[in-house]
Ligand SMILES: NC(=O)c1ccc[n+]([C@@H]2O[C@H](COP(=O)([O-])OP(=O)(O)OC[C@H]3O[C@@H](n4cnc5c(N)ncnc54)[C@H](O)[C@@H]3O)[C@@H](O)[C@H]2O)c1
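Shown here is one chain on its own, the form predicted alone, set out as structure tokens.
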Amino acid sequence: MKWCVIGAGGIADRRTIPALLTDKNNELVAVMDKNPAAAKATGEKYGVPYYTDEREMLSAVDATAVYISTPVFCHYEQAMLALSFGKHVFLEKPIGLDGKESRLLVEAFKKAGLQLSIGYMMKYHTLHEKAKALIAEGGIGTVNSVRAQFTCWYPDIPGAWRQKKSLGGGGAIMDLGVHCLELLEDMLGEEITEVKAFYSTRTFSYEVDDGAVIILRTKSGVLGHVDCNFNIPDKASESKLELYGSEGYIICHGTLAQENVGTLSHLYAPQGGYEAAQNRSVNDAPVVYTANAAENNMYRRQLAAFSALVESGKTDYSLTDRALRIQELVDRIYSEA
């Protein structure tokens, strides 16, 4: 399967292209970046032609699919251009600047019968998959409460597109919160139907949110909250995902990341009767699972799933529809908070 890349620096060079090339069934045929130095560096690194204009690249090369990892404000126009050339598209999250733009893009690909998939890779983390399996088999009973904390230190940086609303669509919610909302829907197997939030720009001077707290309710009534921050030092964040049920808990530490790392603690502890004294001095030891980055590459697996779908001749927009739903939840958060 032949790939070309729009937006050759950043995450494309650091994560996605290396993951793509670990699969012998994939071939990188060209890269493009508006920055001539980035285009040249990435093209020469991987031994492929490089361009600074996406239309020129798509006209010149024979490719099946396009991977797009540009700033969010470019997504709609570039994905529609790729569609006009008859290409399947794997697009980094979020889909677009808002739900309206995102829905137009998704509907265009559905009408054309071409695959559009979105880069929410955290569902492919082995411990997140383990958590999902434990929930499905009743390992914590009925899920009642969920929490997610996803942060990074992102100070004022001149020219940073994520720090301008017109270029990124938002701040910590748009960049980090969407990952948590998408992952929780995947783990629980149901939609988030209600969201409320507080957000602020407290530490830095840019115009988008540098911190937010989102509260949510799913279709069946699971309650939860998400903390997403640009203003907590990396070493001070536990990157924690917690799921509590009627018969136990699942707690993931350090798994909200770009690599398959961290631990999962699982405690199955059905209680039975009411404990009036509330004596919690002795707790059963949980079963602990540890992730190994060398054993799983989330980027490789999401691309492999996309490639298999394209090569099958079928389309499946279920995960894309979820990404669209998350985008519309974020619209609601920003308009109501």
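Just so it is clear, the model here is predicted, and its values are computed rather than measured. Note that residue numbering begins at 1 and tracks the sequence as displayed.
The following text describes the form predicted in complex with this ligand, which does not appear among the structures shown.
Undergrad: Does residue 121 reach this ligand in the predicted complex, with heavy atoms at most 4.5 Å apart?
TA: Taking the distances in the predicted complex, the answer for residue 121 is yes, it comes within 4.5 Å of this ligand.
Undergrad: Report whether the minimum heavy atom distance between residue 29 and this ligand in the predicted complex is within 4.5 Å.
TA: Result no; residue 29 lies far from this ligand in the predicted complex.
Undergrad: Heavy atoms within 4.5 Å of this ligand in the predicted complex: does residue 304 have any?
TA: No, residue 304 sits far enough from this ligand in the predicted complex that none of its heavy atoms falls within 4.5 Å.
Undergrad: Taking any heavy atom pair closer than or equal to 4.5 Å as contact, tell me whether residue 177 reaches this ligand in the predicted complex.
TA: It does not: once this ligand is placed as it appears in the predicted complex, residue 177 has no heavy atom within 4.5 Å of it.
Undergrad: Looking at 153, 85, 161, 198, which has any heavy atom no more than 4.5 Å from this ligand in the predicted complex?
TA: It is 161.
Undergrad: Can you work out which of 208, 72, 183, 146 has a heavy atom no more than 4.5 Å from this ligand in the predicted complex?
TA: Looking at 208, 72, 183, 146 one by one, just 72 meets the 4.5 Å heavy-atom criterion.
Undergrad: Within 4.5 angstroms, counting heavy atoms, which one of the listed stretches 268-276, 34-42, 286-294, 304-312 is next to this ligand in the predicted complex?
TA: Going through the listed ranges, the match is 34-42.
Undergrad: Can you list, in sequence order, the residues from 244-267 that come within 4.5 Å of this ligand in the predicted complex, counting heavy atoms only?
TA: The one in contact is 258.
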